[in-house]
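Single chain ahead, by itself, as structure tokens, in the form predicted on its own.
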Amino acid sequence: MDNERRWYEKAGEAGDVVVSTRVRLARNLRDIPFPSRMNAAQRAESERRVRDALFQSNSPIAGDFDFLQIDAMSEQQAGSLVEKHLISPQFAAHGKGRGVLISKDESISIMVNEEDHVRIQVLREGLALCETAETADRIDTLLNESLHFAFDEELGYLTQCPTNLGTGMRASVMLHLPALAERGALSRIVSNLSKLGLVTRGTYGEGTGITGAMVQLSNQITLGLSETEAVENLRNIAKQLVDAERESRAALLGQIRVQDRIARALGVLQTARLLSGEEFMRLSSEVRFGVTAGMLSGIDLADLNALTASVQPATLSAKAGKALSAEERDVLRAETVRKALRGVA
């Protein structure tokens, strides 16, 4: 049964703190202008060549992908892909001339004509930086056999934004840090991490806010470091944050006010008839805390991850097959959550 689940419906290594891992590679075709300077014909050419590089390869993984044209999708369908971290919000908002290749288990997406010609993304549950980077590297090698990505001996991979020069790699982990946030340590940690070449972002990447104590931590430096060094650096820091969060949780769980807050959060989620997305994320953060601490039973982290993915706004509308009003989404979200948490105590 577990093998049939998508990556965002599972829990992996250090899953009590690390929700997911992502590695993204930015690549460009050397004989076509960067996307910001392409005309319609060049966009179509770029898309055709990337598709052919995958589907006409001899690799057995080629048959595992589907190609989706963004401007042929509904706003709800594209929004659902954003919520699953398969495409960026900017990619969904400006879909003309853009497409995405997505593996059937939704762990790999290849955006075509985003900020760069090719954005390879690999996602995994839990802390899995080495495995995720290896998969991204295999996809990169496969595509490069026929696409021949733009590369300079001194600057590395050439990208539209200079901050991506070099490896063109952004590795990140999504962390659930309620205890560190509760103890007021999060802002200090964020400040210190920037000195180590790492950056924190909101739940859905750059420009988004932190909801439900979910923090995205990623490498900031792509030039002067190898991909292996960047991954190892991020992995070491992530493991330190896991230890710090676990220690903080242990200190907090003995407090009756924290136990009460977790119990109240569960009670609201089990009985609410209207539930906004923001309220769900805030309350489910408490429930997740309670589950990982062994205070609550009847549901595991994998089920919580699957529930969180299923009740995001666009995903609810996409499943309904139509645009839902905010109240309709809140009703459907509350119903879905009540059903999922029925046996939790």
Partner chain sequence: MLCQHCGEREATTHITSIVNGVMTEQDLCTACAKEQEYTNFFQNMSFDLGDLFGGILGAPKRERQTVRCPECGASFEEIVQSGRIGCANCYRVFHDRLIPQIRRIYGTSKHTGKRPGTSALRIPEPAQPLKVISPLEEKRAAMQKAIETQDFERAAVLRDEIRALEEAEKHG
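Positions refer to the first chain, counted from 1. All values reported here derive from a predicted model rather than from experimental measurement.
Although not depicted, the form predicted in complex with the partner chain is the subject of the following passage.
Screening 182, 134, 75, 106 for any heavy atom within 4.5 Å of the partner chain in the predicted bound form leaves a single hit, 134. Note on contacts: among 121, 80, 164, 219, the single residue with a heavy atom within 4.5 Å of the partner chain in the predicted bound form is 164. Of the candidate stretches 81-89, 173-181, 270-278, 192-200, only 192-200 has residues whose heavy atoms lie within 4.5 Å of the partner chain in the predicted bound form. None of the heavy atoms of residue 319 is located within 4.5 Å of the partner chain in the predicted bound form. Contact check for residue 228: a non-hydrogen atom falls within 4.5 Å of the partner chain in the predicted bound form.
Within this chain, residue 233 is remote from the site of the partner chain in the predicted bound form, having no heavy atom within 4.5 Å. Under a 4.5 angstroms non-hydrogen atom cutoff, the partner chain in the predicted bound form lacks residue 214 among its neighbouring residues.
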